[in-house]
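Next up is one chain by itself, shown in C-alpha cells, the form predicted on its own.
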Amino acid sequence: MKTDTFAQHITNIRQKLTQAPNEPEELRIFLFGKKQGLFSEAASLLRELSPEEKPAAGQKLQELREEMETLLTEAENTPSKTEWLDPTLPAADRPVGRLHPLSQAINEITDIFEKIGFTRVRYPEVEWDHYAFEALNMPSNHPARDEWETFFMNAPEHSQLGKMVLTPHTSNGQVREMERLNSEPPIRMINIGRTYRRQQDVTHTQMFHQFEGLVVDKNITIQHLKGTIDHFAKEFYGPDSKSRIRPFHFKFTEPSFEIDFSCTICKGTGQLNGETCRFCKSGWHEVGGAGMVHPNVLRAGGIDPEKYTGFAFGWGVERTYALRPGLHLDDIRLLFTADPRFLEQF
C-alpha cells in the first residue's frame, strides 16, 4: 500500500465521523473500540505499509487520534439531550456537621452543675508537680509520681514548684482555684479538661477528659457530697438512677470514697435475661473517686481547715458517658476515631 492510499483511507474514516453517536459511551466505542472502532480500523492499515512509509502515516494517524479525543471530550462535557434537567430544583443536601460526642457530654455535664451553682473553670494541662501532687498531699514516694504512671516533661525544674508534667487529673485545679479566689470561700468549682496517664486499653486511653468538682464552705458535710452525686446521676442517667459511696483511700481527701452508679443495662438488678449482667455483674458500676477535702490540701490553698470544710470528686468524661443508657460503648478508644460511621450515631 502506498502512502497516498493510506491518506485516502484516513479521509474516508474522517467522513464516517459525521455518523458518530452523541452519547459519550457509545461514541467512545464507535471511535476507540478494539474490534470495530474507527481508530482500530485506521491503525490496522499501518501493517500494510513499508518501513519507509510508516513514519509519515503514523503522523497522520496521530492527528486522527487527537481529533477523535477532542470529539469525545466535547461529548462528555455536553449535557445529554435526552437527560431532563430542572434548574429550579433544590441542590442535594450536604452532610451537616455536629458536635463531637465528647463535646456534647462536656456541655451537658457543665449545664447540670452550673444549674446548682458551680462555676466552670479550666486549668493547665501542662502542670507543675506542686499543683498536680505536692499540694494535694501526695508525698514524693507516692506511686502516682512514678515515671511509669505519669508523663514528665523534658523541661527545667522550677525552684519552688518542682518538675513539669502532663497533668494526670483535673485535681490540679483545686489549689489553683483556692488561690484564684484569694483563699476566700465559698468555692463551687467544676473543672473540665484533658488529662494524661500512661495507660492504654479498651477502658483507658493515655489522653482522656475529666471533670473535677470542688466545694469549700463552712459546715460542708458528706451529706452535701452524696446529695450532689445523687443529683448528677438522676440528671445524666435518668430519674431512676441511684448512687452509692464506698470507703476508699486517696491522699487528697479524708475520708475518701469510690462512687458507684446503678447499672443502666440491667436497671441496677444485676440480672439480665435471667443471667448475671455481663456489664456490671452486680447492679453497680464504679465511675470515680470523691471525698472530703484533706486539711493539708486546704492549707496548701491558704484556707483554714478549722473554719472551713469541703468535698471534691473527679470522674472521667469518657467513662461516665460510655455508661449512658442504650449506648453500649465497649471500647472508649472509638471516641477518638474520625470514622464517620461511628460518629454520625451521635
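Residue positions are given as counts along the sequence shown, with the first one as 1. All values reported here derive from a predicted model rather than from experimental measurement.
The following text describes the form predicted in complex with ligand DAH, which does not appear among the structures shown.
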Legend entry - Exercise: residue 283 in contact with ligand DAH in the predicted complex, heavy atom 4.5 Å: no
Inset, instruction - Flag residue 295 as yes or no: does it have a non-hydrogen atom within 4.5 angstroms of any non-hydrogen atom of ligand DAH in the predicted complex? - result: no
Inset, instruction - Mark residue 289 yes when one of its heavy atoms lies within 4.5 Å of a heavy atom of ligand DAH in the predicted complex, and no otherwise. - result: yes
Inset, instruction - Indicate whether ligand DAH has at least one heavy atom within 4.5 Å of a heavy atom of residue 57 in the predicted complex. - result: no
Legend entry - Stretch in contact in the predicted complex with ligand DAH, which is absent here, among 250-258, 85-93, 104-112, 229-237 (heavy atoms within 4.5 Å): 250-258
Inset, instruction - Check each of 244, 176, 163, 197 and return the one that places a heavy atom within 4.5 angstroms of ligand DAH in the predicted complex. - result: 197
Inset, instruction - Sort through 317, 31, 312, 303 and report the residue having a heavy atom within 4.5 Å of ligand DAH in the predicted complex. - result: 312
Legend entry - Within 31-59, the residues that have a heavy atom no more than 4.5 Å from ligand DAH in the predicted complex: none
